[in-house]
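Heads up, the chain below is alone and in the form predicted on its own; it's given as structure tokens.
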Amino acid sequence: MSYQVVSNLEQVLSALKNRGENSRIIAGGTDLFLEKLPEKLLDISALAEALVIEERGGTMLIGAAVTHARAVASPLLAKKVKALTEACAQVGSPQVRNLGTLGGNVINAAPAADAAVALAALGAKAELIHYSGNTRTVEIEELYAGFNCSAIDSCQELLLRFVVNSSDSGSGSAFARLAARKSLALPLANAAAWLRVEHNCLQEVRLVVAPVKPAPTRLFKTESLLVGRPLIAESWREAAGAAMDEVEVRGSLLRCSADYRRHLIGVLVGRVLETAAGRALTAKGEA
């Protein structure tokens, strides 16, 4: 097996083109090293374009090689995309968070990957570049081909970064999960919300939960129900009930029953909506 650390984008694309199916991109490797490794690994953990955290023209650019620990420690991300930093803080253990990356969390394609759920709720888009130089931008949900199956071919294409609209003074976000223990456990359920408020009412809502389908799942019906509703406890209770009705979940003998998971999703939906709304009001100076 060969291991190459690449220092610029041209090196990555050239290596992918020349090595073909025998090569694979790696950054933290916390999931990849649990699998059978390919013959050649391309390490992008030092690639500047994949390490960026910056705001540009009202848009957040977040590199795919940014680790969970670095995301949690970023004051800019905490201010602009709070749901993401909350999600990253819940991933694995300190050792995993120090190595694992946002891009890896998405490409591993686990249905309830915490960072992926938060990114989907924030409306993030993924920027990918093929070894030919062609680029494409897709929704987070489009990167899933099935349960634990990515739509990205890491032998041909690089997930470079995520693009997220920055939170304005009338918006807020939040993430929550429940697992069998506080660390080193996959969530029984998780949820993330982004919303925008005006005149003490909800104007826009994005609500994502997991595990429901192979990808983080938006609750469009529940979102529609919430638009125009006041920021009161009754709205959160109704949203929790609507979310429970909207999802179709599976049970597991090892984790929890379908009924319990559906109940958890309702509880978490109510929590993240209330928290996100409170943050939106605080940002507007109305809390």
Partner chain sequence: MQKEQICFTLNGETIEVYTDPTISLLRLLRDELGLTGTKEGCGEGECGACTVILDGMAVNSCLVPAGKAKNRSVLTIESLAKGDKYHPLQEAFVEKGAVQCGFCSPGMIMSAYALLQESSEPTSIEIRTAISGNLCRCSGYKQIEEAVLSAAEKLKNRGESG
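Residue numbers count along the first chain shown, from 1. The structure displayed is predicted, hence computed values, not measured ones.
This protein has a second form, the form predicted together with the partner chain, left out of what is shown; the following refers to that one.
Per the 4.5 Å heavy atom criterion, the partner chain in the model of the complex is contacted by stretch 37 to 45, the sole one of 235 to 243, 58 to 66, 219 to 227, 37 to 45. The partner chain in the model of the complex is not approached by residue 137, whose heavy atoms all lie more than 4.5 angstroms from it. The shortest heavy atom separation between residue 108 and the partner chain in the model of the complex exceeds 4.5 Å. Though the partner is left out of this view, residue 98 does reach within 4.5 Å of the partner chain in the model of the complex, counting heavy atoms only. Using a 4.5 angstroms limit between non-hydrogen atoms, residue 149 is distant from the partner chain in the model of the complex. Using a 4.5 Å cut-off on any heavy atom, the residues of 1 to 15 that reach the partner chain in the model of the complex are, in sequence order, 1, 2, 3, 5.
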